[in-house]
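Coming up is one lone chain in structure tokens, specifically the form predicted on its own.
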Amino acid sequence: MEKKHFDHFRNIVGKENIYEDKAHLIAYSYDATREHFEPDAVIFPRHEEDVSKILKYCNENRIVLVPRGAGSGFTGGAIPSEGGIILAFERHMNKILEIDMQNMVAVVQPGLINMDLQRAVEAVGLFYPPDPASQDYSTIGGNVNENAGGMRAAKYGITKDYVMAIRAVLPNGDVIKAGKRTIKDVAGYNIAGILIASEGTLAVTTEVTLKLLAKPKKTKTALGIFPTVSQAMEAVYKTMASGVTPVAMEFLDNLTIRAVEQTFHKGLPIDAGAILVTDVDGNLDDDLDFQLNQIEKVFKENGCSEFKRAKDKAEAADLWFARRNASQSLSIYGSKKLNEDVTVPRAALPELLERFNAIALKYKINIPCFGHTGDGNVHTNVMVDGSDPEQVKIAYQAIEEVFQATIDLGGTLSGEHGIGIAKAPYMSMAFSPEEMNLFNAIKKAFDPNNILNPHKMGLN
């Protein structure tokens, strides 16, 4: 960028809130994909007025801008692949503005850490369910822009189910409010719904109004061991259809079980085809016991060889250990991991896992799987030797077949990670030319000069 642009931004935010030194440019050049693109500057806006002035100037001067939360995404949605400005919210716009006990809503800024919100509302007896694995450091703004999920999604849904309203700044600097804090609102187009999962390509979020729930008083945990992954997948969708809705229904396949055991030596059943870990919640022990009894019945009808119930929080944490440490354990299978979060209707899970196994056999590679099967979301990990170009080439061929199998079964490319740049090449597999044209028309309506996070999500 020209010096005059840096000078203008300093006049807006102050010299202490804009950086162009190498350390900051590197720090804000990547996310969990480990792809690397340096911005021209990093700006920390102090409030919505700063955001509006910055966007207006960028729009007038065709300067690319990328809004960023914690940079914890897996698809490159928040990295500056076209250079320009990173607009970072963690320094100033990171506060809870209001917790409305009467209407059970929270109003927050985009840089607020997810877990900080959870702790604050739970301290007053309320509950914010969306719990992405990155909840200790990911931001609400990032969660909204990616429509983040988590382990509790099986019962409580994902971020979009809790967003009631969004304040945002358009590329021309105009401020809009989409949605209301009312339970019902059918007036006008659902602009908030369009902004959710838009990955910062349409507008910059400055405030979010979130629905809260009453916090359940009790939680209980159980684990089922299955001879085959197909039996476990059958048990998942049959449990969800049995009248019981677990908070979480997570699974690990045999490769993942072996990886965790080899890494941590926890005494896991390495010959098991799969493990399912589940939580139930409520306010009465009798209700929780009823739910676990029903889950145990369905599990055993579908081949479960052992059903373990946690007696206390320590035992519950022990049952959850393998699932929470699955991802980091998979490095035993290769130095390069292509981690995808494909999602299918729950009843398609058995066939999906069978197809993934066939792909692994075809290419003679390991594809360990784990994830949120209670909502049909499978974390599929193609593992290869990253130093071998032929292996890397094979990995991408396998990933394309993973996506095709998912789409053939009525699924989607992403359940929670988003598209970004990592999955952009595959969007034409999932959407027709007419649908992609509509996406591009929406982008142009919001951002005619294409300054906001351009060329993400397969958009022009």
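We number the residues from 1 along the sequence you see. These numbers were taken from a predicted model, which means no experiment stands behind them.
Below: the form predicted together with a further copy of the same chain, not depicted.
Colleague: Which is the contacting stretch out of 171-179, 84-92, 259-267, 303-311, given heavy atoms within 4.5 Å of a further copy of the same chain in the predicted complex?
Modeller: Stretch 171-179 is the one.
Colleague: Taking V64, E354 and S428 together, does each of them reach a further copy of the same chain in the predicted complex with some heavy atom inside 4.5 Å?
Modeller: Not a single residue of the candidate spot has a heavy atom within 4.5 Å of a further copy of the same chain in the predicted complex.
Colleague: Considering non-hydrogen atoms and a 4.5 Å limit, which listed residue (L292, A165, L202, I359) is close to a further copy of the same chain in the predicted complex?
Modeller: Exactly one listed residue reaches within 4.5 Å, namely L202.
Colleague: Which of G150, P368, P246, G76 has a heavy atom within 4.5 Å of a further copy of the same chain in the predicted complex?
Modeller: Checking each option against a further copy of the same chain in the predicted complex, the one that comes within 4.5 Å is G150.
Colleague: Against a further copy of the same chain in the predicted complex, would I419 count as a contact residue? Criterion: heavy atoms within 4.5 Å.
Modeller: Contact check for I419: yes, within 4.5 Å of a further copy of the same chain in the predicted complex.
Colleague: Under a 4.5 Å heavy atom criterion, is D271 part of the interface with a further copy of the same chain in the predicted complex?
Modeller: It does not: once a further copy of the same chain is placed as it appears in the predicted complex, D271 has no heavy atom within 4.5 Å of it.
Colleague: Might N377 be said to contact a further copy of the same chain in the predicted complex, defining contact as any heavy atom within 4.5 Å?
Modeller: Yes - in the predicted complex, heavy atoms of N377 and a further copy of the same chain come within 4.5 Å of each other.
Colleague: Taking heavy atoms and a 4.5 Å cut-off, does K184 contact a further copy of the same chain in the predicted complex?
Modeller: K184: contacts a further copy of the same chain in the predicted complex.
Colleague: Can you tell me which residues in 282-321 come within 4.5 angstroms of a further copy of the same chain in the predicted complex, by heavy atoms?
Modeller: Read in sequence order, the residues that approach a further copy of the same chain (within 4.5 Å, in the predicted complex) are N283, L284, D286, D287, F290.
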